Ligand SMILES: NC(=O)c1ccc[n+]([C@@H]2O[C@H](COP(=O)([O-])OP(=O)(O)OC[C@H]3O[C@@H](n4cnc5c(N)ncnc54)[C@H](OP(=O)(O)O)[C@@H]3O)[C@@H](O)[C@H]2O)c1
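Starting off, we have a lone chain in the form predicted alone, written out as structure tokens.
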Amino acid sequence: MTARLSKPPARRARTPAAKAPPTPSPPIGSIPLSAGRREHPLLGLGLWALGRWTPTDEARTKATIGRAYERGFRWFDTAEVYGSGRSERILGDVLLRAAGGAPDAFVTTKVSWEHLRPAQVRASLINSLERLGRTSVDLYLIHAPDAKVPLAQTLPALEALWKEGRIGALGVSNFGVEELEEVARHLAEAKIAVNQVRYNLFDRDDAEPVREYCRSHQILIEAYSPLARGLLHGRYLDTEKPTPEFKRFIQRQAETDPLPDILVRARALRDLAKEAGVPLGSIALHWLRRNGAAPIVGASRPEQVDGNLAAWSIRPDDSVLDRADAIARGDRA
């Protein structure tokens, strides 16, 4: 008798594995801007480097901005001089393709110190808006003063654009107290809402002299280079050697090389972060926030966006921030 072959069981269709839900993004938060039409986010993404890359890298830069928007960043800071406008164009392209054209994005750009004459100011803003694909910007800054062009010429031109609704708020960058006082004298209705300066645990020379003035006049300090080009994320503290560009960044106007001492203090800050159970970047960012500043972080890859948000999501205790302040000043390392 011949055995009958049994029919193989029918294969069940595989159910696709469920995708893990995306990691929830920590809320960034925002604060009212005294002289602005919208609230100002507390943490922003600076696009200084994004206009300097080769075309081969453009997909990565767009992915970085896209990740930032997807994870909750809304404040994007650029300037007409970044890549001669390329940074603005890349940002505009990414935001245009975001959900609904990203109407909730808070966009900052800057007029160059080379374009501060009235006709140049208007042309610069119109060109920036065209590259960004927007009808207005939320914040427009004078990138830096120009001794050859009186602010008495520049500010009425900016105020006229503000009255037209092309600018949500006016600001400046790298201005000292005397310049801020002069700005106030040349504005009839608008007020300066922001002063953007270089500010981090190791570099306070620009911010400390203007902090009290800004506080008393309700001017928000925006802090660029808040992580000292990655040093306060832990870069250069082990085997990676500081680049020549980073050495110039640290050297600034010091008569002697400050880098060896700063690396010692940065390693002490890292030890403090480990002891406190927080990322080093958390200390750097929240020290600035406690001092009333809104940090602008950089990122050149999507994963760096995630790292910045992870640092922002944890606020160290005030006692930790106090110790960090002392270490960074050199009181103890």
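Numbers for residues come from their place in the sequence shown, where the first is 1. From a predicted model like this one, the values you see are computed outputs, not experimental measurements.
What comes next is about the form predicted in complex with the ligand, which does not appear here.
Segments offered: 122 to 130, 150 to 158, 220 to 228, 177 to 185. Contacting the ligand in the predicted bound form at heavy atom distances within 4.5 Å is 220 to 228.
Exactly one listed residue, out of A299, A284, A68, L269, brings a non-hydrogen atom to within 4.5 Å of the ligand in the predicted bound form: A299. H233 is the sole member of H233, R166, R74, R89 with a non-hydrogen atom within 4.5 Å of the ligand in the predicted bound form.
None of the heavy atoms of T64 is located within 4.5 Å of the ligand in the predicted bound form. In the predicted bound form, the ligand lies within 4.5 Å of some heavy atom of L47. Contact check for G36: every heavy atom lies farther than 4.5 Å from the ligand in the predicted bound form.
Using a 4.5 Å cutoff between non-hydrogen atoms, P41 does not count as a contact of the ligand in the predicted bound form.
Using a 4.5 Å cut-off on any heavy atom, none of the residues of 258 to 276 reaches the ligand in the predicted bound form.
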